[in-house]
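To begin, one chain is listed below as structure tokens, in the form predicted alone.
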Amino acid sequence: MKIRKIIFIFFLNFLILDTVKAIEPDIFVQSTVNRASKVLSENISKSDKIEELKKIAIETVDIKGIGFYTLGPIRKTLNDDQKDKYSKIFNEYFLKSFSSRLAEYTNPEIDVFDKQVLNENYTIVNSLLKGTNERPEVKIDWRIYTKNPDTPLIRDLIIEGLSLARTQKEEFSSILNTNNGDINSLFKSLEEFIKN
């Protein structure tokens, strides 16, 4: 009886801790944005900023999920080796593209102001990139994957109504359609971007 009580208390504590550990999507986004802003405002070289931003992306973005979404229906026709190769190339492509673009900003101020829970897997978090003398304010919505509430992940950014993931998907689709659906043409295009 005593052992059952100990086991019950252990599981009760586990459940309580598990509940406390869950991260709200809006807090997750604001925290991620604050981390990136801190890096961008530091007095370090652009290449160092890029490396720090890559670390943040690896922790907070569902790069693999975005990769397979942007690949579109052709992903169902790929064998395991092709999927593995694509995942590796897309990971490098995404990190380079994301970090080099973001590194151009100097201390961007983004305020999270609302969220809409779509279902247990997705929440849209609304934010605003504050305007400056050089740029207007920009509305940014974050599509957050919340299947595991302890580790939410960014699945898409919708900037002024334009989905970056969907735009990327259309770009990849165009490359594939121009080359009769040959996945190697997409590999080559991504590899060229990574090298330059």
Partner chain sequence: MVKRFAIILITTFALISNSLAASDGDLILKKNEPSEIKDCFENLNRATFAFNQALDGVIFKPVASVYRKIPSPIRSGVSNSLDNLSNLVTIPNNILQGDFVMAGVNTGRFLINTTVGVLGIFDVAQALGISEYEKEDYGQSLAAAGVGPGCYIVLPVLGPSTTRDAIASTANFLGGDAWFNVTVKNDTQYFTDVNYYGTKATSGVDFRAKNFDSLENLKENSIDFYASVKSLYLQDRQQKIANTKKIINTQNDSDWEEIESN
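Everything numeric here is computed off the predicted structure, so don't read it as measured data. Positions refer to the first chain, counted from 1.
The discussion below concerns the form predicted in complex with its partner chain, not included here.
- Its partner chain is not drawn, but in the model of the complex it has a heavy atom within 4.5 Å of residue 134.
- None of the heavy atoms of residue 34 is located within 4.5 Å of its partner chain in the model of the complex.
- In the model of the complex, its partner chain sits beyond 4.5 Å of every heavy atom of residue 39.
- In the model of the complex, no heavy atom of residue 22 sits within 4.5 Å of its partner chain.
- Relative to its partner chain in the model of the complex, residues 52, 89 and 113 are all farther than 4.5 Å at every heavy atom.
- The partner is not shown here, but in the model of the complex the stretch 145 to 172 reaches within 4.5 angstroms of its partner chain through a heavy atom at 145, 147, 148, 153, 155, 156, 158, 160, 161, 162, 163, 165, 166, 167, 169, 170, 171, 172.
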